[in-house]
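What follows are structure tokens for two forms of the same protein chain, given separately as structure 1 and structure 2.
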Structure 1
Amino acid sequence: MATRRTVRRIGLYVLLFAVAALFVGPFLILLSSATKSAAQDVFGFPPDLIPRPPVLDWFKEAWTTVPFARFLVNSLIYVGVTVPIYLIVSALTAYPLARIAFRGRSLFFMLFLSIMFLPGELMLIPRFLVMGQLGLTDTFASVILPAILSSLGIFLLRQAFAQIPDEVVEAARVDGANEFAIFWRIAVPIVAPTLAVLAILGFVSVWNSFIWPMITLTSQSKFPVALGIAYLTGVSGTDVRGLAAGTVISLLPIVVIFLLLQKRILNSMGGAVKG
């Protein structure tokens, strides 16, 4: 009996590793291509995937071919400005939808949820024109503004606020606290875990976004790192190894964050979307 269980367990691990290879394999091949010396083929049959010896020259090459440091700093600025504003605006919007009774409340909620059903490609066109009207084309603000509101943020925070027990709030109300004080000092700290999840999701989405920045930005000096990679693929004569190295650089921050916070991300993700 015990041996049968052991066999089953080993079989399960083999399967788990095989599937893992499908999901991680392409990234490993990317890493291997980025660390091969010029003398070693990137392609060819049979595949020769172990760099002998691994070199870091291509990272240096990618770093100098395009202003990578600038792109990384830009992405950090975009994330650093967008995410806090996103959290504050979402929390402020979601709070009354969960905790204050007023006429048309569910209508307002539907209004904010409707964002989900707007095709992003259609929005690119008028937003491009709106940014022109506002005189914001090719500015950091034009990248940040459209990312401040999301239906998921309002949806999740409304749920979190709604779950706060009434007694907690009533006690403060009896003490004479106004609604904003209740929101800021009591409700927001309680929903901190949801805010943390949204902060991570916001980080990922801002860090990876590239279509809208590509349309609104013309100065290379304002490019986020994802756009920088797209730009690097367009630079003629970029070595396949250099391109791989640049891509690895763009992936590193997000992968590190993910590894550090993976428990929080994974535990919340399914439940969050499921609602």
Structure 2
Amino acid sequence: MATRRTVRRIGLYVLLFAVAALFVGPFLILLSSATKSAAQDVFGFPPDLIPRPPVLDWFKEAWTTVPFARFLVNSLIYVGVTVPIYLIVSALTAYPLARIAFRGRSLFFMLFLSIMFLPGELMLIPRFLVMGQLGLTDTFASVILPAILSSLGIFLLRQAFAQIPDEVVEAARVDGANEFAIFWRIAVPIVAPTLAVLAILGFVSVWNSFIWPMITLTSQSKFPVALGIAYLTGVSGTDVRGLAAGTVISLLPIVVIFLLLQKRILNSMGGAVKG
């Protein structure tokens, strides 16, 4: 029995190591390519992850070849403005769908749900036409506005609001709370873990946003960092070391935020899963 348990545990560790290598491996190759000197091959097989010697020249080149600091600031602006509005809009839309009875509620919910399954590329042309009609192309607003409404966020929050016990809401009504007070003081704190998960997903989505900014933006001064890396490709050609260095720089804020908030993030995700 003990031998079987040991074998099972070893198999589990091997599986976990394989999954970890699958996810971490590409980042290690990227980091290794960014720190290798020009004399060391980055396409050798089997891959050599150890730079001999490690250099930081490619980071300096990526930072100075294009306005990388401007791109990072732009992404911070997009994230800082979009994510809070996205959470507020999703919560204000989801709460009536879950807790307030009105005619057509199920129809509206099904419409939101059907939009969730549409490919994002299908909405690019209508969005561009609308932004053009509004005169908002090549502006920060053209990147922010389409990102503040997400059917996935509405769906998840609607499910979270629907799980709040009716007794809690009725008790608040008996105490004299109006509907907005129930929403803000009772319902929102209860669904805070789901809001935290949506904030994380929204941050990653906006930070890595590429296709829509590429379509709507033409001024380099408004590029987010993901689009800035593509611009770096046009400037530096096929210099994979510089591109790898630029990509590592763009990932650093996400990695730092995750390391600083990993305990809160994991606790929030656990709370959201429990509902």
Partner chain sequence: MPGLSGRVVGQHWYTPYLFMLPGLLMYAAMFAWPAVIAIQLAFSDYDIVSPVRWTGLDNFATLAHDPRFFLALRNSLLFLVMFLPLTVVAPLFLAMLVNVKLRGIQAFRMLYYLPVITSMVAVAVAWRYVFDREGVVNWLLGLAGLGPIDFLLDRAWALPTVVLLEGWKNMGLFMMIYLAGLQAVPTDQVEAARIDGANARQRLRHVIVPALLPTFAVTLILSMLEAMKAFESVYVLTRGGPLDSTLTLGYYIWSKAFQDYDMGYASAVGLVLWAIMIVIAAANLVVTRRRDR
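All residue numbers here refer to structure 1's sequence, counted from 1. Every value quoted in this text rests on a predicted model; they were computed, and no experiment measured them. Think of the rigid core as the biggest set of C-alphas that the two forms share within 1.5 Å after superposition.
Each of the two structures shows the same chain on its own, and it is structure 1 that derives from the form predicted together with its partner chain. For Gln40, the Cα coordinates differ by 2 angstroms or more between the two structures after the core has been superposed. A movement of the C-alpha atom of Ala162 falling short of 2 angstroms is seen between the two structures when the two forms are aligned on their rigid core.
After superposing the rigid core, the C-alpha of Leu49 moves by 2 Å or more between the two structures. Note on Val24: its Cα is shifted 2.5 Å between the two structures, core used for superposition.
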